[in-house]
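Only one chain is shown below, in C-alpha cells, and it's the form predicted alone.
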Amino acid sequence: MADTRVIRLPTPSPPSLSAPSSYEPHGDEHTPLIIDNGSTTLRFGFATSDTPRTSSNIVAKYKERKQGRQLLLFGDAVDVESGAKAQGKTPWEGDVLLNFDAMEHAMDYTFIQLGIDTPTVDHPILMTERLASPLHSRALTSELMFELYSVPSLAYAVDAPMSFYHNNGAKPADGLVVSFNTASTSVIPMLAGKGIMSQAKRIPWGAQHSAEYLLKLIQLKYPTFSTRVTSAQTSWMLHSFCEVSPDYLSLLRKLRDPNQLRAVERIVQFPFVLPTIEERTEEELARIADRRREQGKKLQELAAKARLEKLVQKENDVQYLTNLKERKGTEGKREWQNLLQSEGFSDDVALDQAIKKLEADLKRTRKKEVEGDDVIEEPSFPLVDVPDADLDEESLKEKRKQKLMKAGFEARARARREKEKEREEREADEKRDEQDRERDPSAWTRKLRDEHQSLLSRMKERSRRKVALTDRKSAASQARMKNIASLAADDRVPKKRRKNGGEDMFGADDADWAIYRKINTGAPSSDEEDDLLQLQTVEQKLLMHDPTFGDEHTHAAMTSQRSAFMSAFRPQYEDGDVEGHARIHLSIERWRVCEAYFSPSMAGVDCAGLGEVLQNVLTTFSMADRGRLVNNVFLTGAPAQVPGLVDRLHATLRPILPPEMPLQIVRAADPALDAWRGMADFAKTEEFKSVGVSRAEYEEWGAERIRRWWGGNWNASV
C-alpha cells in the first residue's frame, strides 16, 4: 500500500503566454492605470478591471543558440528557456528597488500587455512602493515614469492600507494591518481609515527569507542529496507544507517522541532513475560466489599469519625491554642514562610506561588469539634443533617454517595460561565483590552507581571530543593540528643516518600507531571496547541487585532512544534504494521555518520578532486607541495564507492585552490581489485626483517629493 505521506514533486507546466489586451475601450478615457510592483509578482491593469493581469517580475537577456539572436525575456517567458533562468534579474534587491534597467523592461511589458500603442502613456498612474521607501528609489521611478513615458500624474501607495481599504468597503475603519511581503513584514496602525505611518514598523523577514531558510535546513539535513534542490522547489514546499504553531516550545516537547515525529512528517519524492540491472545466469553467480569464498579464505589465512607474527614480535619486545630494565642495577647512573637515550627513552618513567603499554596490548592480543581455540597436543618440530650446516636448502626452508610454527604454538600456550590466570583472578574478584555486597548492600550499590556514571561520562567526553574535532577552531582540533605539525617536524632519522641513506622506521612498531589513533578521529580505540564491556558488566549487576535501576537507565536504552529519534528525523535507506535516496523528509522544519517570523534570531537575523514589534506599536497608543486597533487585526499579503498564523497571533496578543479588551484577527479575502483591488477602488474616487503629482509639480518639486495622504508614505511628502 502506498504511503499517503509521500507527495511527488510537481512537474513544472509550460508557461502560458497571454496576448495583449485591446486598448480601444481606454484610448480616450484617461482611465487610471494601477501597478502593483511586487518583488515576486507584477500585477497591473486598468482601474475598471475586476482582476489584474499578473506576471513574474523577472527579466533575462538570453542569446538563442540556433539562430544566434539576442532575446529579451520577461515574466513567465524566462521559464521557457532553461539557460535564461540563471541570468534572470528582478528590479528589487531584497526590499529596495535598485535595478532600474529591469524596472524599465517591466514597465515596457506592462504597457505592451495592456495594448497601449501610443507614443506616450496618457493615463494617471497609481503605483505601489515599499513602506519607508528610500528617496533614491522613488526619484528614479518618478524620473522613469515622467521622462520616458510622459505620464500626466503619478501617485504612490503602500499596499497594506489599500488591501485594508478594499476589505472594509472603502469606509473609514480602525485596525492594525500586518502585511506579509516577499522581503519584509510591515505593521501599520490605521485609525479612522488613515495610516499612522509615523508609528509603522517593518522587520527584514519575508517569504523569500523563509524559502532560503528552508533550503539551508534541507541542505544541512541532506548534505549529499542526489538531486539539486532549487529555490522554486523550496518555495513550493514552503507554501504546501509549512505551518505556524500556536506554541512552538510545546510542539518541540511533543515531537521528542519518534512516533509523533513520524506522524507529522511530509515526504517529498524527487524524480529518480532506476539503474539498469545486469542479469546473470546461475552458473555465473555460483562461480562468483566460489571466487569470493576462496578470496575470503586466503585473506583469513593471511590475517591469522600477520596476527601471529605480531604476537611473537610483541613478546620479544616485552622481553627485550624487561631485560633492559634489569640492567639498571649493573650500570652506572651516567651509563644507564646514555643507554636509555640510545633506546629512545627520556627517563625511567618513559621506559615503565612503554613496558606497561606493551603488556596491555599483548594481553588483549592473546585474549583475541585464543578465543575459540581448542587445546591440542604439542606437535613435533624435529628440524628446530638441527644445526644449519647439516641441512640442505629445502630443509633450511622447512626449519624456518617449523621455528615460526613453534613460536606460534608457544605463544598460544602462554596466552591460554594467561587466560586461565585471568579467569582465576576474575573469580576471586567476583567472590570479593559478592562479599562486599552481602556486608553492605547500600555502599556496594552506591559504588557501582558511581562507576556507572564515571564510565558514561568518559564515553560522552570521548564522543564530545570527536564532535569537537570536526570544528577546526575548537581546542581539540587545534591540539590535533599541533600533533600533526610536531610529527612533520620530528627528526626520527638522525642527520648522519639520513646522509648515509638512513630510512625512517615509523610504523615498524605497533606503538607508533598510538599517535595515529590520537590524531585520527575515525580510528578504533581499544579503550572504547574495554569501557563498553565494563559498562555492560556493571549494568548487569545493577539490574540484578538494585531495584531502582531499570532497563531505561542502561546505556543501550538511552542510545536506542536517541537512535530512534534520529531515525525518525532522517530515515535511512538501503544503498540500493534509489527511490528512497531521492526523498526529503520534512518534520520539524515545517514549523521551524515559519517560527522565524516570531524569532528571527533563530535564522541569524538580528531584529525583533513579529510579536515584539506588535507590542511595541500598541504601547505608543492610548488604551482607548489600542482597543480600536486590536479589535480589527488585519492580515494581508500572499504569505498571510500560511495555516495557523491567526491562532499564533491570537496567542501572542492575548496575554499583553487587558482581559476585557476584545481581540479580533481577520485575514484578507484575497491576500495576494486585494492590494491591487483596493488601489483600483480608490482610483475611481474623486480623492484620487488630489493625491497624485502632476508633471508640472514634478518639475517644480523634484523627483523625490510626493503628496501626503492616508495610504502613502510620509517621507519627503508635501
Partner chain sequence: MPPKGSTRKKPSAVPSAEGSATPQVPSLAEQLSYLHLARPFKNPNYTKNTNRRTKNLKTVLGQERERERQERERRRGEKEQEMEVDGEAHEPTAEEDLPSYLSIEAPPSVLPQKHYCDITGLEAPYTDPVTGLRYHDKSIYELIKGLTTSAAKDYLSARGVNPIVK
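Numbering follows the first chain given and starts at 1. All of these numbers come straight from a predicted model, not from anything done at the bench.
There is another form of this protein, the form predicted in complex with the partner chain, and it is not shown here; the text below is about that form.
Contact annotation: the partner chain lies within 4.5 Å of heavy atoms from the stretch 120 to 128 in the predicted complex, the single such stretch among 120 to 128, 334 to 342, 453 to 461, 406 to 414. Mapping the unseen interface onto this chain, Pro204 counts among the residues with a heavy atom inside 4.5 Å of the partner chain in the predicted complex. Using a 4.5 angstroms threshold between heavy atoms, Glu278 stays clear of the partner chain in the predicted complex. For Phe74, a non-hydrogen atom is located within 4.5 Å of the partner chain in the predicted complex, even though that partner is not displayed. The partner chain is not drawn, but in the predicted complex it has no heavy atom within 4.5 Å of Tyr320. Here the marked residues His105, Pro134 and Ser563 all reach the partner chain in the predicted complex, each with a heavy atom within 4.5 angstroms.
Checking Ala608, Ala568, Ala638, Leu324 for any heavy atom within 4.5 Å of the partner chain in the predicted complex turns up a single hit: Ala608.
This chain is displayed alone, yet in the predicted complex one of Phe225, Tyr109, Trp236, Phe549 has a heavy atom within 4.5 Å of the partner chain; that residue is Tyr109.
In the predicted complex, the partner chain lies within 4.5 angstroms of at least one heavy atom of each of the following residues of 587 to 609: Ile588, Arg592, Ser599, Ser601, Met602, Ala603, Gly604, Asp606, Cys607, Ala608, in sequence order.
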